[in-house]
Structures are given as structure tokens and as C-alpha cells.
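Heads up, the chain below is alone and in the form predicted on its own; it's given as C-alpha cells.
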């Protein structure tokens, strides 16, 4: 039975708002300790616009014989109040677990700096950054004593981040959901390249499902990051239709779009909206007062809330004549559950989710149980071979 959903709104404040615990740091030393103990990290990838809200604390609370859960909160388009509440909820659910924050370099710099400040004040385990490169944020994290992780799509970038002071890396291959790098750079090849160029612990990410874990861990990954599998579970705040859009999908149901973010490739579930984008239709921004209220997003009351940096948004740069408003599209998916007009980012592993309905979805703990069982089964032949005379 699927649990009741709790859709986030600007006025909602979690009952855990008073909780102020500092999360343990997920730095290089902590990761190396996990690996030496015979375990690996299982990281919940953050998805923007509330798609992964309510998951990070549940993931961070799980630690099993072979896997240690790591939760990641998305800071995209949250008010101060909502971001603090989400961090505190996660910390209350996992008081001794690793809870980090995902920040996209492509967002409005004012918002970026604000979210970074809040994360330092709330005492998160790490900052992970993608969708752009910023040497300055690595420095700020080091000064604040907060571990930094860089999402990388090449060995060259991995080497740069290690030089700048990153504590670990997330190697995100072409099979990932949302914005992706080189579509011809599959994860196995990328992981090998990153490991060859850096001595930092590396988490493998992008299109990963349960059966992939043994091979990536054997290849040297300190952990694996999954978003799609955790989005499709019975936990979390996202609209039930968002979960349903990730079920019973085949190869033809997944498509690459040209995002409004620098024209990057992005992977999503195919629907009426993605087909309209492919046909060249533009989607200028609409009023977001229904979600942000009359005061707007940080006082920005216009249809365009300037969520992205000035030189990043194709929609804004064309005076709203081209591309689409990403905030409208993602809010339509995660909050309204609009299966036709929303944008449902997904990893390629969506085609391997076995459940067909939301009523059959497992919980976070049940997902960990399945993953632990898969790893145990993979270990059995090796153990039997070692014991043979």
C-alpha cells in the first residue's frame, strides 16, 4: 500500500524545524574507512524542483552489511524556509547518517550563494556540484570545513577538482537522467578514465540499477549513485503521477531533449511536451504565483523568476521566443503530476524498473534489502571458489 503523499508548498514547514544537528562529514577519510570495512556507498541522487524531496533522510538512515546510505537534497528553487526544513527533516530521520546538498552551478548566482550559506549553517555532510564548474565554491567549502564533491564527465576535470581540493568525485556517465555530458561517453569507460586521472574516491553514477553494482564496485568505485530507482519508490513527496511516469517504460519511451540550460542534452520520459519540443515549439514562462504566492520567488514576481544565470538560459536569451521555461515544466511534473505537459527527467535505467504500478513500489529500506541480496549473491561464487581445495 502506497503511503499518503505530502506535497510541499511555500507555507508548509516540517514539524522537525527546530532540529539542529550537524551531520557527520563525508570526506575522503570517511569514504576510505567505509571501503576498508568492506562496504560501499549507495548514494541517492538529487533531482530538482522537489522531485526527490523526502528521500534523503530515509536513505541516509540505512546502513547494511555491504552498503552505507547517503542522502542528497536538491537546493533547486527552494525558499530559505523550505530548504532549511528539508535539511532538518533529513537530519531528524538520520541523525548519524550522511546528508548532503546538490547545487547546480548554472542557477542564479544570488540563489547559489544563499543556498551555500544555508547549507553551511545547517551543518550538512557535503556539497556536490554539477551543471557547471566553479573553483570558488571548492574554496568556500574548504574554508567552511564542508567536504566538496565534483560531478565529472572526464578524467581531465577529475584531475582539476583533486588539485582544487575536492574530497571525492561523482563520475556521471551518458546514461544519467536530466542534463548529461557527452552522450557517447558511457559510464564504464568514464569510470575507468576518472580512476586513472585521480586518486580521490569515485562514486559511479548514471543509469545504474541493482545488477550493475557488483561490476562497478569491482572496477574500483567507492560507491554508486542512483536517482531513478529511488524516485520510483513508495517513499518521497513527489506526485504519484511522477512515479507512475517512470514505470512500464521501454527504450522508445525515453528521449533526449535540448534543454534551455545552455542547449545541453537532457534525458527524459517521452510525452506530449517532449514531442512538442522536438517539433520546435516554444514554451515561454507563465505566472508561478500558484506555487510561490503573491510575493514571488525571493521577491521575483514576474513569470520568469530568473532561476538560471543570465548567460545560461536559452529561453530568456531569446526574449522567450525559443526553448522553454524549465521551472514551469518541472513544477508541472513534480507538483501537479501533469503527465502530458510536465518534464519528467529520468535515467536510462528506467527501462529496468520491474514494478508496473505505484501500489507495487518498494520502500527505501526494501530497495536496500534487494541491493544487499544482489551483492551477497554475487559474492557467493567467489567465496565458494576460494573455499574449494
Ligand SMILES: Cc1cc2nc3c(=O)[nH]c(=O)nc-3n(C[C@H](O)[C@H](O)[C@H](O)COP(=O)(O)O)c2cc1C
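Here the structure is a predicted model, which means the values were calculated and not measured. Positions refer to the first chain, counted from 1.
This protein has a second form, the form predicted together with this ligand, left out of what is shown; the following refers to that one.
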{"item": "4.5 Å heavy atom contact with this ligand in the predicted complex for all of 111, 285 and 327", "value": "no"}
{"item": "Option from 159 to 167, 258 to 266, 276 to 284, 96 to 104 whose residues, in the predicted complex, bring a heavy atom within 4.5 Å of this ligand", "value": "96 to 104"}
{"item": "Residue 86: touches this ligand in the predicted complex, heavy atom cutoff 4.5 angstroms", "value": "no"}
{"item": "Partner proximity in the predicted complex: residue 202 to this ligand, non-hydrogen atom cutoff 4.5 Å", "value": "no"}
{"item": "4.5 Å heavy atom contact, residue 46 to this ligand in the predicted complex", "value": "yes"}
{"item": "Residue 126 within 4.5 Å of this ligand in the predicted complex, heavy atoms", "value": "no"}
{"item": "This ligand: the contacting residue among 233, 76, 194, 308 in the predicted complex [heavy atom, 4.5 Å]", "value": "76"}
{"item": "The single option of 152, 313, 213, 227 touching this ligand in the predicted complex, heavy atom within 4.5 Å", "value": "227"}
{"item": "Residues within 4.5 Å of this ligand in the predicted complex, restricted to 156 to 178 and counted by heavy atom", "value": "172, 175, 176, 177, 178"}
